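A single chain, nothing else alongside it, follows as structure tokens in the form predicted alone.
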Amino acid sequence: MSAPAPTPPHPSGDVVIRTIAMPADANANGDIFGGWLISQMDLGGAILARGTAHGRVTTAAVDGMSFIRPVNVGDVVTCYAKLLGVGRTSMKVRVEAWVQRYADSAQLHVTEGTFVYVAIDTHGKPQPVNR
């Protein structure tokens, strides 16, 4: 088994979403559900993809999620997105999630993943990215 990749010293990409982790988003241990965090990252990545495509997009895939540390109730979660590539109908977006703990000002890297979005028309069919 290989060692995990080192945590980057600072976020990479543009801020696409910022929210507060609330008690309703926590599991029985008091940590925020991974699914909630992934949904925030997906929303943030979709904002970048939609702006790139100048139209509707849908999530096609999520690659390489790695959870580094938990998100706690009260943490401010910020998602940063960076466009990695654009194909004919698809876009690959790297999304990083960072938190600011309730009682601290330091930002901590909690997870990252690569999301693939597809530009779609009004009928939900793939269409070329309208650059």
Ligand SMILES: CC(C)(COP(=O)(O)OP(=O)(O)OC[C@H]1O[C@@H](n2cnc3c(N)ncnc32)[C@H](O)[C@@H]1OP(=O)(O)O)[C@@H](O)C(=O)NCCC(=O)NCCS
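The shown structure was predicted, so the numbers you read here are calculated from the model rather than taken from an experiment. Counting begins at 1, following the sequence as shown.
Just so it is clear, the following notes concern the form predicted in complex with the ligand, a form of the same protein that is not shown.
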Of 72, 59, 100, 52, the one that lies within 4.5 Å of the ligand in the predicted bound form (heavy atoms):
59
Go through 15, 108, 20, 120 and name the one with a heavy atom inside 4.5 Å of the ligand in the predicted bound form.
120
Of the listed stretches (81 to 89, 31 to 39, 100 to 108, 44 to 52), which one has a non-hydrogen atom within 4.5 Å of the ligand in the predicted bound form?
81 to 89
Taking the ligand as it sits in the predicted bound form, is residue 124 in contact with it (heavy atom to heavy atom, 4.5 Å or less)?
yes
Pull the contact list for 15 to 54: residues with a heavy atom within 4.5 Å of the ligand in the predicted bound form, in sequence order.
none
